[in-house]
Structures are given as C-alpha cells and as structure tokens.
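This document opens with one chain alone, in structure tokens, the form predicted on its own.
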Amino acid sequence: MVGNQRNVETTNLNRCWKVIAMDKKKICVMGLGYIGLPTSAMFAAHGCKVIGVDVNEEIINALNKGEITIEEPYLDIMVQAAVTSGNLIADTKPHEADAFIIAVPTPITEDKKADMSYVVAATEAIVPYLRKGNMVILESTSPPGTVEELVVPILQKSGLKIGEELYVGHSPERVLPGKILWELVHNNRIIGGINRISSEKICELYRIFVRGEIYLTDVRTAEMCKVVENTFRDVNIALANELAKICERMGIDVWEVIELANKHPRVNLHQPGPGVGGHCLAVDPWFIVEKAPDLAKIIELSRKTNDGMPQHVLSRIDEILKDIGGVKRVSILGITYKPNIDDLRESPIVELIELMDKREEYEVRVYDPYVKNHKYRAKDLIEAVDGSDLVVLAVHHDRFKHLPLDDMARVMRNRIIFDTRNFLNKEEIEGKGFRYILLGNGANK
C-alpha cells in the first residue's frame, strides 16, 4: 500500500510522455461505452495502438467503420481519424498489449448492491493475454476494495507477481458528458496503485494525453475518492429536493430561497429537480452504503430522497390535474438524465413515465430531440402536445428554452406547463395565456 504519495514532478511527467509517445504503447481497452470509447480514441489520437473490446457486435462493427453509437461532441471526428490511421481497431476479444484498461459498467442490483459481473468477466478475459511488465487499470467506478479483493485475485491466475511483474491500480474518470474529450485532457486525475511503482507506471501511461495535475495515492483511497465526489453532489441535491418539498407545503418559492441563501459567502446550495440520474450520482453512493451500512445513514437517506422525486413529481401532476375528468394526456419534454445529451442511464424521467404507465387515467407522450427510440416518442414537439392537458418540462435541453407557445396553445386541450427545472420564462408563458407551475414553489400551486 502507498499512502499519500506526492504528485510526480512535472518535468518527470513530460519526460515520461515523450518516451511513451515514441514507444507507441499498445493499449487494450475493455468496454466501449461512454468512458471506454473516448479513452480509446484519445490514446489512439496520441499515437498509441489501441484495441477496443466490447461484447456488443453492433458497437464493434460500427467502430471498425469509423462510426460511433453514442452521442458526444467531436467524438465521431476523433474516432474516424483514429480508425483511418490504423491506431484504433475493435474486437470482441482482447489482444496482447502493454496496458489493459477496464472500463465496463458497474450498475447496481435491485437490492442496491454493486453488480461486479462485468468487471469480473473483463478481468478474467485478459488473464491469458498478460505478460511481464504489463499494466492493468480499473477505470470502472467500484466500491472501495474492489481492486485488492476482486481484481487482484483474478490477475494472480496469470502467474505474474502483482506489483513487481504486473502493475495494477485504479484511475477513475472525472468527466462530464457533453465535454468528455476536453475534460479527459484537462481535468485533474487521481491514480491509486497497489504499490508505489504501480502508481508511477500508470501515471506515465496517462501522461500521454492528460494535461491536468495527476495525484498519486493508494488504490483504496482512489476508489473512495471517486464515489465520495459523486456522493457529495448527491447529498447536496437531496437537501435541495427536501427543501423544495418543504417550501411547497409552506407556500414559499424554494428557488428564491436558494438564490438568496447562496449570497452568503460560505453557502452553495444545489438545485432541486425531478430526481437524480446518470451512471455516477444515482449509483455510486450505494457503493459506500454497501460497504458500511451501519454508518452511511446520511448517504442512504439522501439516495432515498432523490430516488423518491419521480413519485413526488407524479403527486404534483395528480394535484394539478385533479379537476380534469377522464383520461388525462400528459406531454413530457425531455427524458435523458441531464440536458443536451442522449444518455438515459438511471434517468428519473424514465422512472416517472413508468410510474404513470401503471395509472389508467394517464396517457403519456414524449418528445426528446436527443432520443431516437421510445415507445411514446412523438416525431416533434407539436405532435407531443397535441390534445395535451399538461406539458411537463422534465429536462432543460437548450432547445426547450423558447417553446413555440403560439403553436402549442392552438393544439393543447388545457394550457398548463409544469416546469421541474426553473428553466422556462414564467412571464412569457403566462403572457400567452398558459398556467405556469414551478416545482418547489408553494406559492403557485
């Protein structure tokens, strides 16, 4: 174990970058999702030979033609260039390489435990290809202890001495969808090795493209840092969501409360909303709860608070439409877990729709310009709101900032808009004869 290792000097890191770039390192990336694919493309763009591995043949076939199956700004250009240069190829099985990066999903099970089956499968798959001097880096977000307790025992089957002949560690990503390529390069990065030399070897590898600071530590600390970063945000959002419900009951506007409270120099309240989604905030805190359920009380309660927001939004919809008889048509604008991307992972809006599906009094229509396939998807916004009793602004995509209110007014049955993000212009909406309702504002219920 290495504790509180200091960041390697910048001059040494630059020297490592030059040597590795000339050596044309060969890297095998296990998993070609939202992290694995951009990471593969980034290494390939910096002169490395990269083999991207995935069990999904559709992804493999697309990638080998220079195409991508996810949306991320400029990623298609980088991938096409990497494939054309011959630096990036895809396969359904690993190849021998200098470094193996595991970037597979780590979802949660129904009982809120980490599903490590993808990590296990990926680790077992690379064992026959490991050679002396290789590196194995887990990028997948995992409960603290995963590398030492799960990954290392599998790697030992290679017969290589861990930490001496095979360098192992964890280097979690810290990127924002929509800005992944920029943040891969410029964000600070944490690397935790099972020993000092593992940390340093992995640091040298990532210095091929990372321009932010790289901090070295032990592997468990690195694993904990990743889940704590997302837990911090989840807990603070839970506070905002709890305040939103309290303000609704008390006839107060939570958005004004937050704005004014944040004028305090040491207060930075987060924003409420219809729930928390994504592969990080909605999942990672459970990894801490799993490891210390008797202690992680605030973390668990925060998760439950945020998980309960889709039901709260449905309760507000019930209240808004209580005087409308028969089947009520509700139009949902946006179903991704955050704005301006196509990612549906753990989206609270998907859960909201599933809850409404179980209620016979609701007919749901959906419009999201970033999502191509959904059973309730309308071809455009006007079709989605045609005959609608209520429009729910669920995701604050930029394209929704200025709604075609005149056209909407002509086709809606009841002119009501429920803004769950404090995103729309109340004066503009009410000026067109709509009733405007804001989540967390008890004064306009």
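Predicted model, so just to flag it, every value in this text is computed and none were measured. Numbering starts at 1 and follows the sequence shown.
Beyond the structure shown, there is the form predicted in complex with a small molecule, which is absent from this document and is the topic of what follows.
Please run the contact check for Val175 against the small molecule in the predicted complex: heavy atoms, 4.5 angstroms, yes or no?
Val175: contacts the small molecule in the predicted complex.
Does Asp98 make contact with the small molecule in the predicted complex, using a 4.5 Å heavy atom cut-off?
Result no; Asp98 lies far from the small molecule in the predicted complex.
Give a yes/no on whether Asp284 approaches the small molecule to within 4.5 Å in the predicted complex, heavy atoms considered.
Result yes; Asp284 sits at the interface with the small molecule in the predicted complex.
Would Lys226 sit within 4.5 Å of the small molecule in the predicted complex, counting heavy atoms only?
Result yes; Lys226 sits at the interface with the small molecule in the predicted complex.
Between the options Tyr337, Tyr367, Tyr206, Tyr167, which residue brings a heavy atom to within 4.5 Å of the small molecule in the predicted complex?
Of Tyr337, Tyr367, Tyr206, Tyr167, the residue with a heavy atom within 4.5 Å of the small molecule in the predicted complex is Tyr337.
I need to confirm a contact call. Of Ala122, Ile237, Ala82, Val289, which residue comes within 4.5 Å of the small molecule in the predicted complex, counting heavy atoms only?
Contact residue from the list: Ile237.
Of these, 272-280, 290-298, 149-157, 321-329, which stretch puts a heavy atom within 4.5 angstroms of the small molecule in the predicted complex?
Result of the contact check: 272-280.
I have Asn230, Arg233 and Arg421 flagged as a candidate spot, so tell me whether each of them has a non-hydrogen atom within 4.5 Å of the small molecule in the predicted complex.
Every listed residue reaches the small molecule in the predicted complex, so yes.
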